[in-house]
Ligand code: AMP
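To begin, one chain is listed below as structure tokens, in the form predicted alone.
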Amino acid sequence: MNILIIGGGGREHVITKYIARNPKVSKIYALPGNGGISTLAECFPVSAEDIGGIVSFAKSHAIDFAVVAPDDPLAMGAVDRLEEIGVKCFGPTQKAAQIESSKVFAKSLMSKYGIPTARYEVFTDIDKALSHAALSDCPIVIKADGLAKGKGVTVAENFQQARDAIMSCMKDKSFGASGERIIIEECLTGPEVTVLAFTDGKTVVPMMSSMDHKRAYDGNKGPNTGGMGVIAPNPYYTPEIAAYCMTHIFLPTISAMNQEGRTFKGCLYFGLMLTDDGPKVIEYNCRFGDPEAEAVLPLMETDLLDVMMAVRDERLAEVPVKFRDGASCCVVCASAGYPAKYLTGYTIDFGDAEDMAGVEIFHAGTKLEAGNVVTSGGRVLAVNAVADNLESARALAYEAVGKISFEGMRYRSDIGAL
């Protein structure tokens, strides 16, 4: 089979690595890929958002199966366009992807179908949004409606922070059209849990739970990022909570999407908060989380491509999806300045980290330049370690991180420190 991977981050690297293990695979292409993916696939400089270019590439390279991994091409209808030319895909259609591409749609869906979430209001007028924020008890959460590379959410501790976030979205257009409409919602408190789930629109198979660390700095300080590290499984996510979520959140969400004529097939990301009133949905994503995928997929024992093909063909109930015992800890090595402005082009020295048993290094923002791997993004590497327990996985991950260096490299030192 000829496989096409769309995207070029750490999530795509781990997906590529595990798909490459399937004996049915003869050739893997990646658009655009990165320095790490290039060791497993032939990479071409076609943007993940160039839907026409992706379709043309798929036609000319006899692609049998495509994995559309990032949010933007999913929201732009890449799966629809590829399926139209006969290329089978893993990923939701454009209509189904709206569960992530519009937070207003997602909140309306939850409200309509009784799926537990935070109280909220929607605003398109700056003055009305500011007035509402001024009368609200802080902290409150300000969310841009559309896609914003994981950075469109602000937890405002006071009115000034809320005002700054509202003005940034609606007046300064920091997120373009994504911020023309915003949500202001109550700030839920409690442990956060991420559950990625395979679904073919009929069957839902949750993967191992995880805990993302979104804030830029130790102690959960600083701005939100795309994710600075992950542990799996999430120690707060008990079997009892999992059963509740399946009954009250996971299955109702899939049913709601079916009833809305937006059947979801792919990986559905449930961002949850375990509040005193029970689990509630913070957000949905229409794809694997990044870096959650880098922590969760290394724990999966079932062949990834087999599962993806079963999802596409609505045969998920026929495939037993299994995960190994143990835990993983994934630490993101980022460029100085991320998530704001940062410099790139620095050579990465991996030391002997790549040779450590139980450690996998997934490339996020890298490229090959004159035979060297150099930095090309804000989040550069996702260093993941798998061990028998979380404490051992943490120690191993940080031992590996300590062997890696590039100019300006920074990382959180408290990933998984509960």
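Start at 1 and count along the sequence shown; that's the residue number. Since this is a predicted model, take the numbers as computed values, not measurements.
The next section is about a form of this same protein that is not shown, the form predicted together with adenosine monophosphate (AMP).
Remark: of stretches 307-315, 238-246, 180-188, 90-98, the one touching adenosine monophosphate (AMP) in the predicted complex is 180-188 (heavy atom within 4.5 Å).
For the options 122, 321, 336, 153, the residue carrying a heavy atom within 4.5 angstroms of adenosine monophosphate (AMP) in the predicted complex is 153.
Taking a 4.5 Å heavy atom cutoff to adenosine monophosphate (AMP) in the predicted complex, the contact residue among 303, 192, 164, 83 is 192. The three marked residues, 103, 273 and 283, each reach adenosine monophosphate (AMP) in the predicted complex, with a heavy atom inside 4.5 Å.
Adenosine monophosphate (AMP) in the predicted complex is not approached by residue 132, whose heavy atoms all lie more than 4.5 angstroms from it. In the predicted complex, adenosine monophosphate (AMP) sits beyond 4.5 Å of every heavy atom of residue 265.
With a 4.5 Å cutoff on heavy atoms, residue 118 counts as touching adenosine monophosphate (AMP) in the predicted complex. Residue 141 belongs to the set of residues with a heavy atom inside 4.5 Å of adenosine monophosphate (AMP) in the predicted complex. Scanning 193-222 for heavy atoms within 4.5 Å of adenosine monophosphate (AMP) in the predicted complex gives just one residue, 214.
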